[in-house]
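Take a look at this single chain, the form predicted on its own, given in C-alpha cells.
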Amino acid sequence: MTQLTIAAPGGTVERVRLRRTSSPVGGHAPYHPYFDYDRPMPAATSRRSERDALYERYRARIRTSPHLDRTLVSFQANRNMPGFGWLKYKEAFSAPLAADVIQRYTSPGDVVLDPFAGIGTTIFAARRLGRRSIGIELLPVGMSVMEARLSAEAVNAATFRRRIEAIAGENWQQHFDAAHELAHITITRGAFPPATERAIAGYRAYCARRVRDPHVRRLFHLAGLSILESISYTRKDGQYLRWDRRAKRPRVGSRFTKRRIEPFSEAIDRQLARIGADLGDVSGGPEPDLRCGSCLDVLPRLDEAGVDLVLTSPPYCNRYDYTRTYALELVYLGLGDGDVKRLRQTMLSCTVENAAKVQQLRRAYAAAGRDDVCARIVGVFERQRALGEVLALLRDRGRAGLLNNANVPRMVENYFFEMCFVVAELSRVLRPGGRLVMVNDNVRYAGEEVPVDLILSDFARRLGLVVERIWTLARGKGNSSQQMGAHGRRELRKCVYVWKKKN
C-alpha cells in the first residue's frame, strides 16, 4: 500500500462536485462478540432514497448493545477515576470503555493508536494494560493534560502532598506579578472577577519562581488549568461559552446565572488535594509516543501496517468549536487571538468557520508523487451517494432560509472530505486483521438526518476495511427543542463502529 504525505492544513477553498454513481453491494460481516446482541434498529422508512439504500446495505450490521450507555461513551465515567478526571473534558469517552476494547482486541506489547487523543483516555488505558501507544492531538489543552499525567508518575506522592499542605489557604493575590497576568483574547476578556484575575497571576508567578521541579510545576499548572470554568463567569455550552449575567459583558444580554463562582484559593486547594490523593493510583507502563499536530499531517508519517488497534473519537459534525469552548484554557496556556484563529482553521472541519482543506491536500499528494492515491480517496468521497443527497437537501434548506447558518452545507461537506482522508490513513497504518473502533454520533440539520455512521462506514469499506458492527446505544440522542418544535422528537443513533483490516 502506498504511503501518503499530507501537508499542514490551511489555504484556499475549492468546491468538490459530487457525482452520482452506482456502488456494489457488500456481504454481511460475521456476528461480533464484544457487545451482546439485543435487537436490530427500526426498519428504514418506506420512502426510498439514497440514505435508505445505504441503511439497507448496513442494516444487518447495526445492533443495539445493552452494555453501552451515555456514561461509557462520554466523560462521565471518568469523573472519579484517578488521573482521568483531573480536567473536565466532555469530549472524551470513558476509560472503562477504552480498557474493554483494548483488552478484547490486543495483547501486551501491541500498538494502540488514537489520532484524536484528547486528554489521553486511550493512551493511558493502553499503558495500564502494557500496550504501546501513539497519541496524536492538536489542541494544546489535551497535550498539557497528557504531559502532566506523565509527570504524575515521576513525582514522589508524599513529597507532593506535603508541598500542597504547606500552601493550603495561601493568599495568592499577595504573589501578584503583572508579568504573569492572563493575556486575554477577545472572547475571554472579563471572564473572571478582578480579585480572581490577580490570584491567577499570583499563582502563575509562584509556580514560575518557587516550584523548581518541572514535574511538580506541570501538575500545579494542570490544577490551575482545570479550575478555570468553576472560578469564571462562564460555562462550557457546546458551540460557545455561556456567560453569567454578572459579568456584564458588552453585547451579551444573558439571563444565565451560575450556581456558584468559586474563589480561586478554595478551588485550587481542592484540585491540588485531589491530584495529590490520586498520585498513588496513577500507574505507568510503556512510554507513549505523543505527537502534537493535526492527524492529517501526522498520520502519513506513521509506518504502514504498524498499528494493532485504532481506538478514537473524532470531532463530531455538530458545529462545536473547541477553540471557543476551551478558550479560557488556551489563554492560560499562552495562546493569543492569532494563535486561536490559526488553530481553529487547522482542526478538522466541524465548525461553520472552517475553510476547506482540499487544495493543500491535493498539493501535498502531488508534491509527494502520489496523485493517484489522492485521486482514489477523492473518488471514494465523490461516489458516496447518500452524502450527495444530504448535501443537496441541506443546500435547498439553506436557500429556503431554514438553516441557522448558511455555511452548514459547506461544513458538512468539508467534514466528510477530510474524514475520508483520515479513514484512508488509518486503513494504511493498521496491520492486516487489526481493528478500528470509533465513537461518533449522527447529527441533524433543519430536520435532515446526516447518517455519519453509515457514510463513514461506507468510506471504510471502500478503503480496505470490513464493517463488522455498528453498535448503538439503546437510547439515542434527541434533537434540540427548536428542532422538536418544527420536526417532532426523533432520536439519532449514538454509535461505536468496529471496522477490521482485511487480511
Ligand SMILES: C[S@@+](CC[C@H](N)C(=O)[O-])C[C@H]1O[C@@H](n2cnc3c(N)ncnc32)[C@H](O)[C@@H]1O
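All residue numbers are counted from 1 along the displayed sequence. Please read these numbers as outputs of a predicted model, since none were measured by experiment.
We do not show the form predicted in complex with the ligand, though everything after this point is about it.
Across the options 233-241, 401-409, 173-181, 288-296, residues that bring heavy atoms within 4.5 Å of the ligand in the predicted bound form belong to 288-296. The ligand is not shown here, but in the predicted bound form it comes within 4.5 Å of a heavy atom of residue 313. Under a 4.5 angstroms non-hydrogen atom cutoff, the ligand in the predicted bound form has residue 121 among its neighbouring residues. Residue contact check for residue 138: one or more of its heavy atoms lie within 4.5 Å of the ligand in the predicted bound form. Residue contact check for residue 318: none of its heavy atoms lie within 4.5 Å of the ligand in the predicted bound form.
For the candidate set 421, 322, 160, 192, a heavy atom within 4.5 Å of the ligand in the predicted bound form is found for exactly one residue, namely 322.
Here is the short version: of 268, 380, 199, 347, the single residue with a heavy atom within 4.5 Å of the ligand in the predicted bound form is 347.
Residues of 432-470 that come within 4.5 Å of the ligand in the predicted bound form, judged by any heavy atom, do not exist; none qualify.
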